[in-house]
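Below you will find one chain, with nothing else, as structure tokens; this is the form predicted on its own, and questions on how it binds or moves follow later.
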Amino acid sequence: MAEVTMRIFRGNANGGEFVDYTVEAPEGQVVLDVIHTVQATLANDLAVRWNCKAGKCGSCSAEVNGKPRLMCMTRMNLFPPGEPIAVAPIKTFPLIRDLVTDVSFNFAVAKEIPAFKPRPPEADGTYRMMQVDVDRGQEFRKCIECFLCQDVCHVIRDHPENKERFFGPRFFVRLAELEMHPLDMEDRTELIRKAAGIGMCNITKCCTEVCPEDIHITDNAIIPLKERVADRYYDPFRWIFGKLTGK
């Protein structure tokens, strides 16, 4: 059993500081285990959000030694023995207290996305899809809404004023899931271009790098959506065709 020092941010929207707590950490523990030990033994009022402790609810997002991670999926043996481990709240969203942030921005954005609108069924009353379309959508449905991709997106992390006109990578994944569904009839291209602000993304892939579900956010969601917007609004041949045909 090793002794570890957790350097945990304590504070609220008005300010705060990192406080060191030294506790025992048995072999095999993850960061969330040690945070619970601190909470149980040294800081009963420590605020931390968690639920499943299995990497599937997305609740325990934090910045561990400066890197956005799920605390329940971050093993303690990743870090050099004897060095303090800093745990801070995710930066992009307003701080409530300690490690808990207000992520309600994401739920407000979700309400702006038109729901799945299926086309009429086949003559025999069934729907049919190619397996490749099933597989493509399945990747996007792996999202656990941990919002780590939102946290590292510099468009809103470094410029919070952009939140009013930029949905962020999590919701580009949601839009891609809907737009690439072969049975969906809703046209969201104008929403993606304007309200979602996809043009502000410069595809640095920082969102892809932190995704705990290994969703290829940039390559498989954002770039295809950018291509759809470019085809609709910026393709000169399509523009000429539209002028000639009225379509």
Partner chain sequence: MAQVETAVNAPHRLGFLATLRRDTWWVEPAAIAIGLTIFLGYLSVSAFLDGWSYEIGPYLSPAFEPKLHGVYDAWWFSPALFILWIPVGFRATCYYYRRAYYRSYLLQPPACAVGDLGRKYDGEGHFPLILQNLHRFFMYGALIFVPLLWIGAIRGFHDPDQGWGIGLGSVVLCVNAFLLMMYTFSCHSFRHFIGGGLNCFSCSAWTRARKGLWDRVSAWNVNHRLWAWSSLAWIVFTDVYIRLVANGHITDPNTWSGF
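The term rigid core refers to the most C-alpha atoms you can superpose between the two forms while keeping them within 1.5 Å. Residue numbers count along the first chain shown, from 1. Given the structure is predicted, the values throughout are model-derived calculations rather than measurements.
What comes next is about the form predicted together with the partner chain, which is not displayed.
This chain is drawn without the partner chain; in the model of the complex, the residue among Glu213, Glu190, Asp33, Asp219 with a heavy atom within 4.5 Å of it is Asp219. Candidate site formed by Pro160, Arg165 and Asn202: every one of these residues places a non-hydrogen atom within 4.5 angstroms of the partner chain in the model of the complex.
Using a 4.5 Å cutoff between non-hydrogen atoms, Cys206 counts as a contact of the partner chain in the model of the complex. Within 4.5 Å of some heavy atom of the partner chain in the model of the complex lies at least one heavy atom of Glu112. Contact annotation for Cys143: none of its heavy atoms lies within 4.5 Å of the partner chain in the model of the complex. At a distance threshold of 4.5 angstroms between non-hydrogen atoms, Asp235 is in contact with the partner chain in the model of the complex. Contact residues in stretch 27-66 (any heavy atom within 4.5 Å of the partner chain, taken in the model of the complex) are Glu63, Asn65, Gly66. Relative to the superposed rigid core, Phe18 undergoes a CA displacement smaller than 2 Å between the shown form and the other one. Annotation: Cα of Arg119 displaced by less than 2 Å between the shown form and the other one, core superposition. Residue displacement note: Met130 has its CA displaced by at least 2 Å between the shown form and the other one (rigid core superposed).
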